[in-house]
Ligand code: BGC
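Next up is one chain by itself, shown in structure tokens, the form predicted on its own.
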Amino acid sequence: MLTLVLAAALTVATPVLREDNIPEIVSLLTLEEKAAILVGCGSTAFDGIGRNDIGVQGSAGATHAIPRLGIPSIVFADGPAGLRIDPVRPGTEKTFYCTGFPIGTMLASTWNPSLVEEVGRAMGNEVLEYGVDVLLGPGANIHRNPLCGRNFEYFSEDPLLAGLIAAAYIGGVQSNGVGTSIKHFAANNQELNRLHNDARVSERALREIYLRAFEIAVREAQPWTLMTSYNYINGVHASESPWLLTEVLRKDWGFLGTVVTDWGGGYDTAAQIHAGNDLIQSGSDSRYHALIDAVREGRLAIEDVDACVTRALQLIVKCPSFKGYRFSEAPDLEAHAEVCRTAADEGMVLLKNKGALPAGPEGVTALLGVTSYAFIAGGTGSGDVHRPYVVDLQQGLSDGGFTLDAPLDEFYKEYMEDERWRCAMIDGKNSWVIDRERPIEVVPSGLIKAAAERADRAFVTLGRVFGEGKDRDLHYSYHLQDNELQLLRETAAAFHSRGKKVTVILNIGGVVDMQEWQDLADAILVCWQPGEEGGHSVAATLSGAVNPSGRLPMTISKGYEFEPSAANFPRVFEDKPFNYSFYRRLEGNKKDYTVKDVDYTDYEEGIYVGYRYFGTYAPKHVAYPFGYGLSYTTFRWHGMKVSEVPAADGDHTSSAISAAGYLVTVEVKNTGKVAGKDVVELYVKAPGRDMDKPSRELKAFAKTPLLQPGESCTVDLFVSLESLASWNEAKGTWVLEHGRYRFIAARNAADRGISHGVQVK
């Protein structure tokens, strides 16, 4: 009998992780196992496994597996313009390229969340089929200053536009059963000294500007994870802030997911866990031991550890790795390239057009600028993607039936052979976070004059690339260089003297100065960094096969000195060589507050970011307003109506807003001769008696379907009462000002538009 009892006891299986037994599994884990789950595979102290031994080659990191309890490792990989993994691997001739989609700024320029969701679905399919569990994107930080090195990854200067585009991206990716990681939470608006800079921001500005995009995305789409930023916020590291991660994120917004550090972010492991930062990536032995020691010494409660482990396991059970998904490593890259091209088509922003566009493909086109032959698909650093190819403008025009001026074309092809070799030699010695070397602009004066005789038009492309690890240089990145200006001047002089048009294409990740040169151009098309199919999208837009419908997601001012944050953004190294080591200004946990805009940055402009500042205080300093963009057709708006929506009737509203509010309808008619899409932007002007308010704020927007000439549609826009409130710092809550508001349906932030008064009681 005793033998039978012992045998039965030995056959009792150890529980394994399931979706419904997470509390039981947490109770069975040892402290060492809990620490291993929370501290990523950069740590080898637990089981000797580092990130190079686990997961997908080229991925960013992973969690430790606990095989005895059925807990697998899950894999994280970089985004947000597409999955970033190694495209080639030792021992196989098979390739693992991923689609290079348009950058975040261009996705926001579409003003089309439905299209961005489609991009997300395609991107998420590649995440799934390449064996990754969580994509590290999207980036939802605000374009506070045009020199921020990572603006290309982010969406907009406006939190509503950024938040809704982020939510669409998240929804699309996660529809594949894989996760996202919205980042960088929060106020990560400069790269200089990013690991140690203290962003000093008022709570009102945080709530209304820098946190608002994250709030919208969390409430709308519930990303599986959220990534904390490297920087401090008002003296507390973001990953160590209970106020940010527990009070605001989880209690105020209802975030249900898992919080992960940026890679190597934070300093006090116990403080991170206590704050609610669940996963520490990429992990290290020192972080692993620090967590265990903090618990054993009584500096960290085991309850805090268990809460983080619980959330980590809740993430793991949702992942393909846990569910045993057999990934194919063969996503449909051709189909996804079509999605990439569609998104790029809608993100093109036509800034100027004095009869130059559409043009071609008939006739002869003079193509100038080294960027025409070396298109920039995306930025650098972790936001880059290993794409299978990049279509440059020369190829795009040729494929689109354009005839290029032969002598100019041959000159650039020969010149670019040497320049590509030179750039490759330099890039091969640089860190992956350093800006890529670009071909040196050339001015073929004689060929320009000759081409002006033969060609019917001139296209000139100018490019800018930058990214993670450093901010843009004012003189060499924001302003055009002497040889670029000379190229434009000589081209304009030669072609204009013969009555021919000059179009400038801006292949850029962020805005450049326009004042010095825009009068030289008859048309200006911003194609941003449009992904791998960029040359095809630009060619289609230039010819008129695609009617541009993009709108600016930021303000372009008449000069950097007019930017509201110009006095509080780092420019201390603009006349010195780049020195990455100076960006690390911390000894141990001792925070340095010596150098302004390096050790700390004061957000003195408060809520007055972008158009909120320019429209209120400096409208004359705007070159192109937020929301601006031209079309090849015309639209007429009429019949604006505003109706009150009580809470009981608000089923049509999203989860991010309360049901009570106002429904605004506008009739849009295509009055031109070609099909096109329009964007209705709804701004609200508050009474501004009880609280300081901007002259107007974006509260809703909608993009029309493709309207044929003469065709109309009705656009519906909902504005919640909640969205009209402002943060009252004295009361520590949102306050809705009563009085008369003006709802303005406008084409951009500076447009008078059509309006309707509303009495809010």
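The model shown is predicted, which means the values in this text are computed figures rather than measured ones. Residue indices: 1-based, along the sequence shown.
Not on display, but discussed next: the form predicted in complex with ligand BGC.
> Taking heavy atoms only, is V719 within 4.5 angstroms of ligand BGC in the model of the complex?
Replying inline: No, V719 is distant from the partner.
> Contact between E605 and ligand BGC in the model of the complex at 4.5 Å, heavy atoms?
Replying inline: Result no; E605 lies far from ligand BGC in the model of the complex.
>> I'd like to know if D78 sits close to ligand BGC in the model of the complex, meaning any non-hydrogen atom pair within 4.5 angstroms.
In response: Flag for D78 set to yes.
>> in the model of the complex, is there a heavy atom of ligand BGC that lies within 4.5 Å of any heavy atom of E220, even though the partner is absent here?
In response: Close contact is absent here: in the model of the complex, E220 is far from ligand BGC, nothing within 4.5 Å, heavy atoms only.
>> For the interface check, one of 86 to 94, 290 to 298, 180 to 188, 627 to 635 should have non-hydrogen atoms within 4.5 Å of ligand BGC in the model of the complex; which one?
In response: The contacting stretch here is 180 to 188.
> Looking at N547, N231, S382, S477, which is the one with a non-hydrogen atom within 4.5 Å of ligand BGC in the model of the complex?
Replying inline: The residue in contact is S382.
> Of these, A238, M227, V504, V119, which has a heavy atom no more than 4.5 Å from ligand BGC in the model of the complex?
Replying inline: It is M227 that has a heavy atom within 4.5 Å of the partner.
>> Under the 4.5 Å heavy atom criterion, name the residues of 56 to 71 that approach ligand BGC in the model of the complex, in sequence order.
In response: Only A60 sits within 4.5 Å of the partner.
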